Each structure stands twice: as structure tokens, then as C-alpha cells.
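Presented below, as C-alpha cells, is a lone chain in the form predicted alone.
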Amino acid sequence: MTENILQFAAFESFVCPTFWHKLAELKIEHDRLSDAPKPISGHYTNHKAAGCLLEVDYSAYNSSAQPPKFSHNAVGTIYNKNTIEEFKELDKTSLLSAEGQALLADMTSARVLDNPSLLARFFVLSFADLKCHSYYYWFGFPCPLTHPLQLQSEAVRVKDLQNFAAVAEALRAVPSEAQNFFILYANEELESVEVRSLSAALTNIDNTEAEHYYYCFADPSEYEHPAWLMRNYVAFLLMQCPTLLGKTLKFLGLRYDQQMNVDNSLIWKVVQNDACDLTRIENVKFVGWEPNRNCKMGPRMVSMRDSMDPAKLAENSVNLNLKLMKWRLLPELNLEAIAQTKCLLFGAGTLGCAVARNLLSWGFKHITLLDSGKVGYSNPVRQNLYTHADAVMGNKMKSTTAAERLLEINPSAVAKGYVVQIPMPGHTIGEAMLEQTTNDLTLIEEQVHAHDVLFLLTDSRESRWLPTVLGAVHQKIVINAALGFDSYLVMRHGSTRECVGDQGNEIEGLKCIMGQKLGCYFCNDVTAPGNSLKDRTLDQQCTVTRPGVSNIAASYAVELLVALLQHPQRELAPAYYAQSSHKRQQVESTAAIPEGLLGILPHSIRGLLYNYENILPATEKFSQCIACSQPILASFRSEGHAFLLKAFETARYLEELTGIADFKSLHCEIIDFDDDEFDMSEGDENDSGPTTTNIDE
């Protein structure tokens, strides 16, 4: 008989999409810039095997994961690189050699005896293009390059053995977790058949008994040739038992059919006559790179873009830039706090649209808009959630249309819009409008109660009064943004939550106001809001501003909220300000103002475009404020809608309730002074700072 060289069926990788999805998640959330090798696992099956597949899925990254039923574990490593250049330039020969040497180290240390799965070794070199959802990868199945095995005869099926019944019974009795590699002792003369583990059979091997050994393994090959992993099996046996060199060895590839029969399992009788010293690891060469789909040596690429749900794809892409912040710049950034925060926007105009878009950019998912207006022809150029087609229709409401646009931009968002008129002080409610006003009040209160943050983005001063009161009563975070022609005001209202813990640090030259003592939008006023549209010309009724002002103010409003959410005290975070221009310059030069994760947390930001300047004043609560003072809050809690209707009937009611009507009887003088005269001396540094003025919307 002419001797033949035994051929092997090479492993083929089969990668489930979940493997890539999990890799992307781990890269973004945990690994970030680390490209250190990570252990993974795969599995193969010898049950009705198709091809010669090694499969990996999402469970590959779970160290305690068990292989699926009728499958066996393979031990692997993934090398995921940060850039495509690193992926291309990596020395592939050195990587294969390093993995092969690790395999030989397991063999020489006898770790394989305790864990035979180490013989089924693989690795993956990869690069994940997370922006395009494309993955470049190359599988390797390392194996030492040894002398060929001589096939002594054609492969025979187990069912053709004379003692088939006993052998089949013994094979079926092997536990599934032990079927990957084991030894079958079958002595026909003694009619003895016994299954043994590698450790039991190969430790101090008995050469006489070895003549009756079948070296069994779970064979994932469907071909006449055994699977690739038999190469490592042979190398390990000859390294562990050098006396087997030159002897005929019987290998049994265990294969199950649909009925779980082992009849078609194959037996190969082989011999290796030439020794190969695998103990000198540094001199051993290795093979095992998987060819690509063109049967050439090179990596593969798969795009998950088409296989992913478009909504999920959008969500992953939206969150990508945010999560990348945590790689280098802000490892402590709490994106979950942002995603869970529910924002209620009063006003869906120029400010409302800009704020909503910025909220989406930061990963806020829950956005609700309240507005009573329709989309007009002048709106689309300034309000970026509307189009000319919306205006042409003539009946498109701003709040609902804006919510629809937000969902078009990010399908995973929870965006809603309600058409509602915000009742205002000084705007009398007639009998005919009483029922509608009551319904509007109920809806507004329900929405305030259901949300965490209120944005006041309306185009009149009096329309901000009701949200300010409700925000204070229900202890919500309130962010206010108001516009002038070339100026803007962005501020956070003081909280009504009780402060627990840190009360702020006293810093020389700085005044500290705790979050619960900060004033609201109305705290600097000594008059109640009235009907600001009465007796006004068109240019006074509309919000006439330089186009860039609204985008700047909206950006500051959202950034201020995000900074608050990242601060351990949230809305109770203190605000600091310098008590004089001299002190301000001194503090700025020493960077003494305490910072949160995203920088300082001012009370308010007042900006001027004509000289491109921002100032950061802070003011304390006014005990007679017509929106957040105790008389107002107590009256609302006790009277509810009845109190509100009184305020809507006449603004004087609020002045009398808080006592600021008395101010009108005082004679006030205007004192002119320049900035140098306004600077306080060192002895006055504990006095209150200057009172700030409001900006007309």
C-alpha cells in the first residue's frame, strides 16, 4: 500500500452579528483607548456538523459562559486595535508566533491535561470602525508546523468495527463536557471498553495499553479529513509521550448525526516517524491564519449597518460622540443621569427649537414642548424644527410639529408636544375662557409634575411667571433664557429643596450663595408682570434680536443644565461671584472659583454681542419676590387655582400679597457713578453685590 499524507479540514470562522455589537459596546463603555488583548471564547459542534466551523457570538466575552448544547468550548484572544493603521501595520507573523508559543506553553506545562479545551485555540485581530459600523478582522488558529502524518490506511467508520456495539455504548456514555478530547481503551481480546480522561491515560502512560487506545476528539468536520484541531492534538500527544513516535496511532473523530448516533464517526490510523522538538519554543514555526473569502491570506470586513435596526443604529450613533468624551476628556461623565432626565420646554419658538436640538445632542431622550402658536412663514428661517411646507399648511401647531421633528432626528427619543395657552398675570380670564384656562392649568401642572427640568423659553416676561411658581412649588430645576436685541440672559433659578451636606466653601474675595438661596427670574423686580403686549407696536410685540443671539443663549442654557446634573449637589450647587471688578480680576488670575466636572456653575450668564462679553452675576432670593417668595408659594399650596385666577385678573394682587406695593410710595433717586467709584474697599467685601437688571424678551 502506498503511504499517504493525512490532510486536515481548516477551521472556518462564523461570526454572529451579536459578537460585533458586544465588541462595540465594550469598546465604548469599558476598553476605550485600551487595546490590550482580551480573553474570549468560541464554540464548535460535532452534531450534524456543516463545514468545519468555529463560532463566536455575544457570549464570547463572558468568562463564565457555557457553550450551547452539543457544542464544545474553544479558548481565544481578541486583539482589537484603536486605528486601521495599527491593524494593518501589526506584524502578523509575530502575532501568530506569540499565540503559538502560548499554546506550546500550555502543552509543556501540562495545563492541557486539566483543560483539554486549550488545544482548540484561536485568536482574532480586529479593528472596529464605530462611526461606520464596519469591522475588520482576521482569525487565526495557531498550530506548530510539524512533519506530516502518514496515513496507514483509509479512514474507517466506527460502525464497521467488530466491537462496534460496545464502543458505541461507551461513546454515548461520555458526558458532553468531556467529549472534546478523551481516550477510549478498547481491547477486543479482553472484550474491555473503557473511556479515560487525558490526564488519567497519559500521565505515566502504559505502552502496552496504549496499543489499544483510540485518541478521541469531537470532530466538527463534515469531510473525510479530520478537523484542524487534530493537528494540535497530535503535537500534544507526541510532546507528552515521546514513546509514541514511530508507532501507529488511532484517532477517532466523534461525529453525531441527527438521531445522535455515532455510526459515521471516522477512525484514522496514522504514524509520525520524524521527531520535532517542540520544547525549544523559540525555534518552532507556526501556521494557522484563516484565508479570506477570496481564498487569499488577508483580513475580512463586515458591515453591520444594513443588518441593524435603523432606530437602534441612530441611537448608537447619537450616543457615540458622547461616550467618546469618557475615553480621555471626562471619564466621570454620567451619561445615564442625562438620559433619564425629563425636560419640559415652555415655548417652541426660536429658543425652544434651539434648546430642544441641543438637548438631543447631549443625549436627553425625554423632551416635551408646550406652546399655543402655529408655524408661520417667518418661523422656518429662525426656528430650526420647522419648514416652509409647515407654514404653507397653515394649521401646523408648533409644539406638536417640533415633537415630530425631534422624533425624525432621533427615533429613540420620547418627544411630545401639547397645544396649550399659558395663563399670565395681567391677562384677564373672561367667563367664556374660564373652562379652557382651567384645563390648560391642569395640563401644565401635570406636565410639570412629570418632568425634572423646566426651561422657560417664552417671548414675554409675564408668561414665565406661572412656570416659575410651579417649578418652585414642585422643587424642579428651572433654567431661564431671555433675549434682547443683542443681549441675552441665561440663569438657573434657586432651588426650594432643602440643602443637606456641603454648604459651600468660603473663599477670599468671593461671595458664595448656596443653591437654595439663589434668586429666580423675578427676584430683582419690584413690580409684578403685566400685559407686555398692550399698546405695543409690531416691532415691540415681536422678539427682534440678532439671529445669533438665540443660538448662543440656547447653548448656554443646555450646557448649564448638563453642568448642574454632573455636580454632586445638582441644583443646590453654590454660585460664586467677585464683589468688585478688582476682586474679579484677582480671582480670575488665580482661578479660585470652585469648579464642577464641567467647569464653574454660575447663577446667571449675561452676554452682550456688541462687545462680545459675558458677565456672571449672582443674586440672592428676594423675600418679597412675586414668583418664588414664601407668601406666593403658601397661597398657591392653600388655594390652588383660585390663587392663580386672582393673579391673572390683576397683577396688583401679587404686589399686595408680597408687600412690594409699598415700594411705590417711596421716592427713589438715581445716583450716577462710574466703575471706579463702584468698587468696594477691602472692608466692604462682605456686603452684598450689585443688583442686576432684567433683559426684555
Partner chain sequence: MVDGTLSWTDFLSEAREFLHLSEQLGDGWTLCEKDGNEPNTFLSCKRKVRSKDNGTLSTLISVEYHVVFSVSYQVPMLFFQAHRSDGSLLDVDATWRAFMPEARERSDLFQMLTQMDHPVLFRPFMALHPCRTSDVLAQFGKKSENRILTFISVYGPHVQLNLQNAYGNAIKCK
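Positions refer to the first chain, counted from 1. Source: prediction; values computed, not measured.
Below: the form predicted in complex with the partner chain, not depicted.
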Would you say all of 13, 55 and 259 touch the partner chain in the model of the complex, counting a heavy atom within 4.5 Å as a touch?
yes
Could you confirm whether residue 70 comes within 4.5 Å of the partner chain in the model of the complex, counting heavy atoms only?
yes
Although the partner chain is absent from this view, report whether residue 37 comes within 4.5 Å of it in the model of the complex, heavy atoms only.
no
According to a 4.5 angstroms non-hydrogen atom cut-off, is residue 640 in contact with the partner chain in the model of the complex?
no
Would you check, heavy atoms only and a 4.5 Å threshold, whether residue 222 touches the partner chain in the model of the complex?
yes
Any idea which of 319-327, 353-361, 396-404, 115-123 reaches within 4.5 Å of the partner chain in the model of the complex, heavy atoms considered?
319-327
Picking from 131, 285, 449, 293, the single residue whose non-hydrogen atoms come within 4.5 angstroms of the partner chain in the model of the complex is 293
Since exactly one of 646, 32, 47, 652 fits, which has a heavy atom within 4.5 Å of the partner chain in the model of the complex?
47
